[in-house]
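Below you'll find only one chain, the form predicted on its own, shown as structure tokens.
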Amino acid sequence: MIRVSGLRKSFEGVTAVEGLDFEVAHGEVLALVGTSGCGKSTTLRMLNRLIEPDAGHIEIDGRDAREVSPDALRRGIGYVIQGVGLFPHWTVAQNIGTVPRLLRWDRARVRARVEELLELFGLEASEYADKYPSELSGGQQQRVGVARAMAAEPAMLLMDEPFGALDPVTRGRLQDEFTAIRRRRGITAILVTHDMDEAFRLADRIAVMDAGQILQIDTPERLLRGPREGFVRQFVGLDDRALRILSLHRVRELSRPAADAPAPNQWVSPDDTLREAASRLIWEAGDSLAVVEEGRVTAEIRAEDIWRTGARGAP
């Protein structure tokens, strides 16, 4: 879906991005992570030509990005930024319908798409479509911002710290919603974040950047189990690496058969993470937990299996 080679950019003699090479497959989410000033956002903005590269090649869905006018390119790419950037004098429906209107969709199609996206993000159209951004909470505004980026059914999404300004609970819920939607729709996305937990939660692969270069690009688990020496190892962090590995796996992966029974007081669901299961086991000082679906015990998960999974990531 995206192929980048030899990408370079300098500002007044200062190198921001130096010789980037990477690819993103259809339906994949790639996270660009690193400290402030490492070139993450500059890279993202070169992909939709908000910034023109000094050198290198960008290919999107088989087409050279330089052969497409900037306006046409951007209309085919959803763009989400921290702080949302909604038009304050437009309603929610008008904000979401911005790009479809530019593409000259008819009114009925725009209205249907707005209602579909509001439903996807848990916002009742009859209640929210005619509200203005100032009447929404921060989490609701961010939902509308992501919905607007997806409105014209773009081939890809570029997301620059999209959830960074939200409180942890709202951020987690919106991350889960985005993950569910993008998997159902097969969305390709590049996510810029400085938050490693967010990268592990949302991305299929993670590119660690420093001083304008990609130092390592890998799946979350391979990155945790085998970070390169130096900056990558330091940035990924070692102290909580085992817990982060547990957050990448679900209870259903390690659950064992158990006799059918009513749900006990403490239990986990098959889709809970091993990190969540470990927390409950530690709190209860137990050796196992029931796995419950629709109010009935269907399996169990044992502490020894969880610890073994986490320990494989130890230095």
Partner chain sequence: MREASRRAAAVYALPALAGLALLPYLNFRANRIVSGDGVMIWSPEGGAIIAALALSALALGTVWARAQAVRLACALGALAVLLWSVGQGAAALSADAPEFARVSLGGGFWIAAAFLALAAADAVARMSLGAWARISALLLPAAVFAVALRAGLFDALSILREYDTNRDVFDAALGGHLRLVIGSLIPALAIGLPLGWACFAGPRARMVILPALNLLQTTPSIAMFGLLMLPLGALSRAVPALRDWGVGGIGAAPAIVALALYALLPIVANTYAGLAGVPETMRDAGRGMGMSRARLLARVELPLAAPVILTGIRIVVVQNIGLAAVAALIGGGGFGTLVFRGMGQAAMDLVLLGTVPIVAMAILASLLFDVGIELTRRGGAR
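Numbering follows the first chain given and starts at 1. What you see is a predicted model; the values in this text were computed from it and never measured.
Note that the form predicted in complex with the partner chain isn't included here; everything after this is about it.
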Using heavy atoms only and a 4.5 Å cut-off, decide whether all three of Trp105, Val110 and Phe121 touch the partner chain in the predicted bound form. no
Does the partner chain come within 4.5 Å of any heavy atom of Ile77 in the predicted bound form? yes
Indicate whether Thr170 is a 4.5 Å heavy atom neighbour of the partner chain in the predicted bound form. no
Heavy atom of Gln175 within 4.5 Å of the partner chain in the predicted bound form: no
Heavy atoms within 4.5 Å of the partner chain in the predicted bound form: does Thr98 have any? yes
Tell me, which of Gly226, Gly85, Gly230, Gly237 has a heavy atom within 4.5 angstroms of the partner chain in the predicted bound form? Gly85
Scan Ile81, Met196, Met156, Ala129 and let me know which has any heavy atom within 4.5 Å of the partner chain in the predicted bound form. Ile81
With the partner removed from view, which of 218-226, 197-205, 111-119, 68-76 is the stretch that lies within 4.5 Å of the partner chain in the predicted bound form, judged by heavy atom distances? 68-76
Could you pull out the residues of 25-54 that have any heavy atom within 4.5 Å of the partner chain in the predicted bound form? Arg45, Asn48, Leu50
